[in-house]
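Consider the single chain below, provided in structure tokens and representing the form predicted on its own.
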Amino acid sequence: MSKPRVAIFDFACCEGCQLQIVNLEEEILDLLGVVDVVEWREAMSEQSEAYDIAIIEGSITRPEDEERIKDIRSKASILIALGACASIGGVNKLKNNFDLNDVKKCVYGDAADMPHLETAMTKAVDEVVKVDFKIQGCPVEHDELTYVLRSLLIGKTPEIPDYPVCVECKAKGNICRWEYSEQCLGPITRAGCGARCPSANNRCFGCRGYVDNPNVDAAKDVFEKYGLTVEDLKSRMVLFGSKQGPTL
């Protein structure tokens, strides 16, 4: 029986989530034993037009990117969005809060009008094509990455948490970051990271996107308890939640 063919592609990103694949170290050898990686620009020079699973890192920021991702989608039986940029648009969506011409001038200066620097509103991959599975985070979690890949390889649908980071904080016995006067996004952000940031004495920044049905009323109760408004929290949602997010 032939191995599933896997291709890894990158769009607008820092490629940090692909580095997490490399960081699997010994585990990556196990995965390579059961799949055939046919394209991965960061690790190999070979390219292929035939693959079963496409793993996408990065957001869609140019018209030609949209055409490219549509072509990839047409060839892949399964398409996985890897990391925050691919799954929710990531920090690249900050651009959407400003006039695009102003953004180009700020970044590129006198070269802003060069044709190859043309840009558009940033989109997550699923705003352009159908995404079968998302591996959230900035960067992705080792354990979740291998869990999703192993599940797919044995024909099992991976179960991604649809409860907030607060649940994981409670399980770990963390003191709530709100008690430190930090506007934490844990009440509305999807769990699965093991409450990485709060456990490291920092607030949740929302890099895993929002739970499907956030308990908005409970979140508002938290704001009121600490003398804050909905607008205060919205200002914290911009980093990973520009032009998106739950209605608060």
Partner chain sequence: MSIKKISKEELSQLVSTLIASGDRVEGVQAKDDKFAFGPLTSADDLRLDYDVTLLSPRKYVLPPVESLMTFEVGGRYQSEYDTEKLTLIGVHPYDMIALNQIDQVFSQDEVDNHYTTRRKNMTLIACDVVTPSENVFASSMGTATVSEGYDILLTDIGDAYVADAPTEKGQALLCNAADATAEDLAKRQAVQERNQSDLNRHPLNCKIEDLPQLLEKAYDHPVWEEKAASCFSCGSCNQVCPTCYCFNVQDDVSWDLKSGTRSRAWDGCLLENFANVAGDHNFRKKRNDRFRHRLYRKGKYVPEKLGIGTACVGCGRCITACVPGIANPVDIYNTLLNDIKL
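Values in this document were obtained by computation on a predicted structure and should not be read as measured data. Positions refer to the first chain, counted from 1.
What follows is about the form predicted together with the partner chain, which we do not show.
A.B. asks: Answer yes if any heavy atom of His116 is within 4.5 Å of a heavy atom of the partner chain in the predicted complex; otherwise answer no.
C.D. replies: Although the partner chain is absent here, His116 would stay clear of it in the predicted complex, with no heavy atoms inside 4.5 Å.
A.B. asks: Quick check on Asn202: any heavy atom within 4.5 Å of the partner chain in the predicted complex?
C.D. replies: Contact with the partner chain, no.
A.B. asks: Using a 4.5 Å heavy atom cut-off, state whether Ala120 contacts the partner chain in the predicted complex.
C.D. replies: Heavy-atom contact with the partner chain at 4.5 Å: absent for Ala120.
A.B. asks: Wondering, does Trp178 line up within 4.5 Å of the partner chain in the predicted complex on heavy atoms?
C.D. replies: Answer yes; at least one heavy atom of Trp178 falls within 4.5 Å of the partner chain in the predicted complex.
A.B. asks: Name the stretch: of 219 to 227, 202 to 210, 66 to 74, 41 to 49, exactly one has residues whose heavy atoms fall within 4.5 Å of the partner chain in the predicted complex.
C.D. replies: The contacting stretch here is 219 to 227.
A.B. asks: If you check in the predicted complex, do Ser2, Asp36 and Cys197 all have a non-hydrogen atom within 4.5 Å of the partner chain?
C.D. replies: Zero of three within 4.5 Å in the predicted complex.
A.B. asks: Mind listing which residues of 11 to 35 have a heavy atom within 4.5 Å of the partner chain in the predicted complex?
C.D. replies: Heavy-atom contacts within 4.5 Å come from Glu27, Asp30, Leu31, Val34.
A.B. asks: Thinking of the 3 angstroms or more shift, are the C-alphas of Val91 and Val216 brought closer or pushed farther apart in the predicted complex than in this view?
C.D. replies: So the answer is closer.
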